[in-house]
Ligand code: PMP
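Here you get one chain, nothing else, as structure tokens; it is the form predicted alone.
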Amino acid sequence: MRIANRIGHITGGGSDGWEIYYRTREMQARGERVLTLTIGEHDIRTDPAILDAMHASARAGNTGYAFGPGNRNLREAIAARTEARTGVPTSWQNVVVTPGGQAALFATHMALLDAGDIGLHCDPFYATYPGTIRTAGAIARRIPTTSDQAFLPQEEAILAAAEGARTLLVNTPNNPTGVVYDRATLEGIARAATQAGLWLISDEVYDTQLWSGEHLSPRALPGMADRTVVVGSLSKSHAMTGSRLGWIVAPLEVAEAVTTLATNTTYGVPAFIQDAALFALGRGEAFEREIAEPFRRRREIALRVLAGSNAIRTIPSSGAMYLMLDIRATGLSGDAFANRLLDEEKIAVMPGESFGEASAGHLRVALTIADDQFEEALTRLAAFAERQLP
């Protein structure tokens, strides 16, 4: 008896990069106090009014099968939101509701890649990106970026890696770096995707967490709507990570393909969760700003605490609930620094190596604990880094 080879193909045979997180959980289970800056999970829970809407829908009997691409009223709301933010005409038929953004990424790659095809993604990357591509039986190929260029993907690097590829996955605002791709970067991505004949998959789940500049969806660039699939979610914008409500906005042929896949996998998202999502979207941009505000505040705390550090360089962060810190001046790898920080200071951060080769010698800090604890953690982290200088 054996496990199917496709499972080994998903993992790529290496570490999943989450060892620090697992160690932190074990320490906390033993009763140790650890200041945990590892995962992108809000320190507030889903707003009670959204839960009330979910409960009322379930109590009203909306607990049966939710077959298909999603309820039309929710798809219309997502389409309207997308059109308002991008200026691109968007029909409800372009929208498919999925069980979270991760399911949307999975479904999109399954729809666009055959076994043996090549899917491109940028390095550094969110931990599941290569595995999601490999889940389709495809080969994940990375686009290297550099810390000195704020990890922005360059047009030439995309074209250099594009031979034989069919898709390119990008993410702005970015996890793990906190960088927001500027217009020039996105225009270069669009030119490269067009020249190489690539489908562009744009993960925009952090689009409401913007601290400076503007969020521009590549779907809004000239000629890109017909080759771009946008992935969205309520997880980050509405603190609904556990509700598993995401979507794609895509050309009709892709939306239809993803609907076929859903029929044979998830069978749709429960109607009572869809009703809660519709209620949540109806709360508008002011509510989304309220959910994002703690991360804006903590970013400012971090920039103040780290200003003038000789041991840490902060990668310019314009969005998302993360900071990427360059600690190469200490002479330590991200792995070594993070493990020693956890052992000696009981502060948990993610090593850059968890997110690819390009971010080796860096740390990802999640802005996800209360302000006073966050300031304590960053102050102690900065002092620890100074002590490591050669």
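Just count from 1 along the sequence shown to find any residue number. Here the structure is a predicted model, which means the values were calculated and not measured.
If you look for the form predicted together with the named molecule, you will not find it shown, but the lines that follow are about it.
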property: Position in contact with the named molecule when the complex is considered in the predicted bound form, options Y181, Y129, F151, F295, heavy atoms within 4.5 Å; result: Y129
property: Sole residue of T108, Q209, T228, S233 within 4.5 Å of the named molecule in the predicted bound form, by heavy atom; result: S233
property: In the predicted bound form, segment of 139-147, 235-243, 112-120, 154-162 with a heavy atom within 4.5 Å of the named molecule; result: 235-243
property: G101, heavy atom within 4.5 angstroms of the named molecule in the predicted bound form; result: yes
property: Interface membership of N175, the named molecule in the predicted bound form, 4.5 Å heavy atom rule; result: yes
property: Close approach of S317 to the named molecule in the predicted bound form, 4.5 Å, heavy atom; result: no
property: Interface membership of A250, the named molecule in the predicted bound form, 4.5 Å heavy atom rule; result: no
property: Sequence-ordered list of residues in 169-208 near the named molecule in the predicted bound form, where near means a heavy atom within 4.5 Å; result: N171, N175, D203, V205, Y206
